[in-house]
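Here you get one chain, nothing else, as structure tokens; it is the form predicted alone.
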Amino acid sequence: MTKVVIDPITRIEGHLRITVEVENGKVKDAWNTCTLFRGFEIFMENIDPRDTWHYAQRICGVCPNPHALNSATAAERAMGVATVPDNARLVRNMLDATQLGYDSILWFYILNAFDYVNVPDILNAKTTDPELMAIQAQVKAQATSGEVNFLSNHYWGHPGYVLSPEANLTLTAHYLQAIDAQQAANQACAVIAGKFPMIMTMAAGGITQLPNEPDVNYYLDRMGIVKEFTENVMWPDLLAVAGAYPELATFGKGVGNFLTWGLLDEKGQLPENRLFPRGGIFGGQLKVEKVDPAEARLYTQHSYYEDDMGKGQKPFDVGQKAIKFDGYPPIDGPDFPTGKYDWTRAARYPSPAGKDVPMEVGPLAEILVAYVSGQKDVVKYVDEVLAAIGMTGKPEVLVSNLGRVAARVVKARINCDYAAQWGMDLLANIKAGDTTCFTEPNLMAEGEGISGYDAPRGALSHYCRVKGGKTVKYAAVPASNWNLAPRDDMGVRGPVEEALVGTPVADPTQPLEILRTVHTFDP
């Protein structure tokens, strides 16, 4: 038995620790520890409900737009606004399309590519292309500088890297191109929302300002760059990686339950009819069940809160003030985490049999629900991926690390396909004289509002209770509460923990396979 601890595990932030027990070359048990306390719900009480979205989008620096949207929607529901004007729907979709475009490229290249692309190996590539030779020279300068840089402290000598030097060089070049492509997505966001991150034009009731025709045309130009990159660079790279690493389909299965609140509203603004529809899949059965964010449950026996705070209560009934923190589990030594070991509360959902179960959220959940529901774009792209890897007619192989990687890119392609249409629809409305984009909420209303709308990382829901012009109760359940949940009160592992069990580990001193599994969840 060998104890392996990776801390920190992300490449952008660094508040996730993974601890695993390795036996006979495979992960036998796993624990994930989110090492930061959030606490936004505490200071979002007693504020004007029209302001909650300003605060909420700061919960995540990578995906602020969905937090702003969910917060505004929860507040407007609490204040009596059932739907927003169609122009507001279109602009909100356009904003989310920029978020998905930027985030998908970021995730595929910046956060994951180096799990499969051996960058130092590009020095062995044979090429006469001047641009690729320039990249070789840049990497050689970094590798021989003697300074700490992006080539330092990684597992480059791991036998799991199988791409040729030439393929490694091409994908490294695409990594650099990805930086410009994601910049284009953020420019598209900024022109219609003031800036990115932390947009300026969201409102409970719609949006505060319609973009004019030149701004929409600039948006279409920028998103055209994102679409071209997604189709002509990221899609072929996905197929190349999937073909080179077929073992990705053999581990990382997880809990077998999938949940999405849906995203990208159609004209009727019904969550069941979204471009990516709402739904749940339980017990690995490819059948979609109805789900409702009001039915989410939270447990805290293994979280840094008092045990009684969770107990399967609904988000409105759970706070964040009853903290019980007595230190993190030890990194060194033979002991594994016991008792409380995670700042994340364990989110669960009642199965059709009535038992609270862990649910995987994120692009794989969205794609599986849409595929089983027969969403034509999803079916087309998923079937193309399955054919490329020789698995035609076998969507069940997607319940794996391979499926999470592929789902992210499928989602990105569909998002780009529709972004231009929403912009054109908005221009048509404006030219026809429809400039309505806001419905005044009733600030003095008394009630509750719930919004469930997926962020790029997965299911995200906000809960807002208002009275007397103030927010008297607020709660948020982001994707981390689902995927990075610790064990619940019944001792059941969270989705990432469960997906790690069975992961092969060729060399415990270079646990590359563990990184690959965790990164597929976008921690």
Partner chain sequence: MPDNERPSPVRGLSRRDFLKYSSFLAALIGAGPLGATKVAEAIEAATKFPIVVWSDFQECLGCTIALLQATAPTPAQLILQQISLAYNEAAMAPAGFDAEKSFNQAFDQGAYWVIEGSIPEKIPGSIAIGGKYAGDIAKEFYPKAKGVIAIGSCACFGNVQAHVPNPTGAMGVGAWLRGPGGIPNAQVVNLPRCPGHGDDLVATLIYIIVMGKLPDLDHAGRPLFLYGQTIHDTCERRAHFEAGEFVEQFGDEGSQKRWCFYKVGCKGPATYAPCAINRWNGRTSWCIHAGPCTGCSEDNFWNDFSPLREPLPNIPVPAIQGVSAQNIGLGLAAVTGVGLAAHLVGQTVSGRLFKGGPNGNGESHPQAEKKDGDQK
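Positions refer to the first chain, counted from 1. Since we're looking at a predicted model, the values are computed, not measured.
One more form of this protein, predicted together with the partner chain, exists but is not displayed; see below.
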TODO: Have a look at V148, A82, A432, A353 for me and say which one sits with a heavy atom within 4.5 Å of the partner chain in the predicted complex.
DONE: V148
TODO: Would you mind picking the one in Q301, N186, Q375, Q313 that has a heavy atom within 4.5 Å of the partner chain in the predicted complex?
DONE: N186
- [ ] Using a 4.5 Å heavy atom cut-off, indicate which stretch of 419-427, 375-383, 434-442, 251-259 touches the partner chain in the predicted complex.
- [x] 434-442
Open item on the list: Contact check in the predicted complex: S104, M133 and Y245 versus the partner chain, with a cutoff of 4.5 Å between any heavy atoms. Do all three pass?
Closed with: no
Open item on the list: Is it the case that Q269, even though its partner is missing from this view, gets within 4.5 Å of the partner chain in the predicted complex, heavy atoms only?
Closed with: no
Open item on the list: With the partner left out here, check for me: in the predicted complex, does some heavy atom of G224 sit within 4.5 Å of the partner chain?
Closed with: no
Open item on the list: Contact with the partner chain in the predicted complex for V191, defined as at least one heavy atom pair within 4.5 Å: yes or no?
Closed with: yes
TODO: Please run the contact check for H158 against the partner chain in the predicted complex: heavy atoms, 4.5 angstroms, yes or no?
DONE: no
Task: Stretch 297-330: residues contacting the partner chain in the predicted complex, 4.5 Å heavy atom cut-off - done: I323, F325, G327, Y328
